[in-house]
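Just one chain follows, in the form predicted on its own, and it is written as structure tokens.
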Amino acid sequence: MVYLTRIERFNAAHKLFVPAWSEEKNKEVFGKCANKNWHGHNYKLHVTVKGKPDPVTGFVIDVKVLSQLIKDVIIEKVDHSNLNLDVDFIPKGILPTTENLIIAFWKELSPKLNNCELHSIKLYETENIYAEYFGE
């Protein structure tokens, strides 16, 4: 089994805020991420697929095809968006945390892959924080 990773980037805004909580509790739990005027990140998305290389091309998947698929399915919908309001595949009422985003990304991307499988999605929110998901 060969694992191939493609990295894409996007910028987006979000707010972590539970409406049923007080502003004080939201600030206590989410800190600056509960800012009423939103805040943004420069995200870095790692998509890793796995499979056996094609005997003719040697590819698990053509990386140009993988890149375009990631752009069409995820990046075009999230780049320069408000993740709380603008993205149709992020369920309403679900906070757009890094953890919840990668689960939503997995659900969008996994069924669209041919001849290989999605192995993991890693999303960096900052250079110091990332989450990784294996579809479990």
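Numbers for residues come from their place in the sequence shown, where the first is 1. This is a predicted model, so every value here is computed, not measured.
Absent from the display: the form predicted together with a further copy of the same chain. The rest refers to it.
Undergrad: How about C116: is it within 4.5 Å of a further copy of the same chain in the predicted bound form, going by heavy atoms?
TA: No - in the predicted bound form, heavy atoms of C116 and a further copy of the same chain never come within 4.5 Å of each other.
Undergrad: Does any part of W106 reach within 4.5 Å of a further copy of the same chain in the predicted bound form? Heavy atoms only, please.
TA: So W106 does not count as contacting a further copy of the same chain.
Undergrad: Test of understanding: in the predicted bound form, would V29 fall inside 4.5 Å of a further copy of the same chain by heavy atoms?
TA: Heavy-atom contact with a further copy of the same chain at 4.5 Å: present for V29.
Undergrad: Even though the partner isn't displayed, in the predicted bound form is D88 close enough to a further copy of the same chain, meaning a heavy atom within 4.5 Å?
TA: The answer is no: D88 has no heavy atom within 4.5 Å of a further copy of the same chain.
Undergrad: Relative to a further copy of the same chain in the predicted bound form, which residues of 96-127 have a heavy atom no more than 4.5 Å away?
TA: Sequence-ordered list: T97, E99, N100, I102, I103, E125, T126, E127.
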